[in-house]
Ligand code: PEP
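We begin with a single chain expressed as structure tokens, specifically the form predicted on its own.
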Amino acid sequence: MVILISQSSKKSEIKDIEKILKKSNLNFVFQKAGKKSVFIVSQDICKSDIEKIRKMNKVEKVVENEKKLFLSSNQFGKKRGYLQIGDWKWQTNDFLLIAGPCAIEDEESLDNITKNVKKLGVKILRGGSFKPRTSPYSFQGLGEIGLKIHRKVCDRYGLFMISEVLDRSDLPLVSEYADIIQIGSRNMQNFPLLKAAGKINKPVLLKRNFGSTIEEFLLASEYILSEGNEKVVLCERGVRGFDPAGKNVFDPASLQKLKETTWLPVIVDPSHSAGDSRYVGTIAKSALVSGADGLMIEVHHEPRKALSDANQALKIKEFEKLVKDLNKIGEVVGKRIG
């Protein structure tokens, strides 16, 4: 059940509603949602209490049996104006570019990649120091050493740093270095981690699991939102299909549906969707046309030597060409690239 409260409500009026809910031992969340305040109650309330709440001053609406999506949904009037990342405001007409290697390998290679992507308008440098790998024998990342290298190079070139967290216990460490916390596909429903990320004052990029529905994706975001952190960015990376010819399936129509449903910014990861560098550009350009707010792309100066995801990483020259194409499309669709 959802209780919509007027923005002009006094604290005492809000407390009166809380008293009724607490008296019935109900679990609830109170949130600001755009121009309204919202009580979200996860259990059934007796009819007499519902009527009592409906008659209270400043209660605009009581919605019973509502859909599961609340805080992430457009229906409560929350509209994205901009997202603050460090000292930069990500406006609605900015098409954000996040680029870099899959994994942090060493300072020299990261410096080489960074100085090149910086020239092309990239504002956020990606790179994993903790890598969730299918095989336990694959490169797992450099850990804190990688975070230190990543931070050092970002500071050198004036870029923001995004890095993935695998476990709730690692969140304080990664938060110490990174400007943006990434929660990867495999952790999309790691609820303790999502709740912990909701308590930090940093943007969180949440990637969709390749086997999850849009509703499940948005509900995962609500674990972060319900803890008070509204700086959430969604990342679409495609879903697993039946045809082994492609890694994951990117659906532009699903992206548009997601954008219609939520006020949260949505970016696309064409690297993990394609699984092959030859097709990354096609997906990236279709994402821009389909209304995405940005891209997260793997770039490496020598992809064949990359310790992780070598097949899907773009060479510097390939990325440069893609950015030129994106700028041309951006002029048509009204997006500023970078």
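The first residue of the sequence shown is number 1, and the count goes up from there. Computed from a predicted model, the values in this text were never measured in an experiment.
Beyond what is shown, the protein has a form predicted together with the named molecule; the following relates to that form.
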Can residue 184 be called a contact residue for the named molecule in the model of the complex at 4.5 Å between heavy atoms?
-> yes
Counting only non-hydrogen atoms and a 4.5 angstroms cut-off, does residue 313 reach the named molecule in the model of the complex?
-> no
Should residue 231 be counted as a contact of the named molecule in the model of the complex, where contact means heavy atoms within 4.5 Å?
-> no
Does at least one non-hydrogen atom of residue 102 fall within 4.5 angstroms of the named molecule in the model of the complex?
-> yes
Here the chain is shown alone; which of 168, 131, 202, 123 has a heavy atom within 4.5 Å of the named molecule in the model of the complex?
-> 131
Joint contact, 259, 293 and 335 to the named molecule in the model of the complex, by non-hydrogen atom at 4.5 Å | no
For the chain seen here without its partner, which of 87 to 95, 176 to 184, 150 to 158, 110 to 118 has a heavy atom within 4.5 Å of the named molecule in the model of the complex?
-> 176 to 184
Contacts from 250 to 278 to the named molecule in the model of the complex (any heavy atom within 4.5 Å), listed N to C, are 269, 272
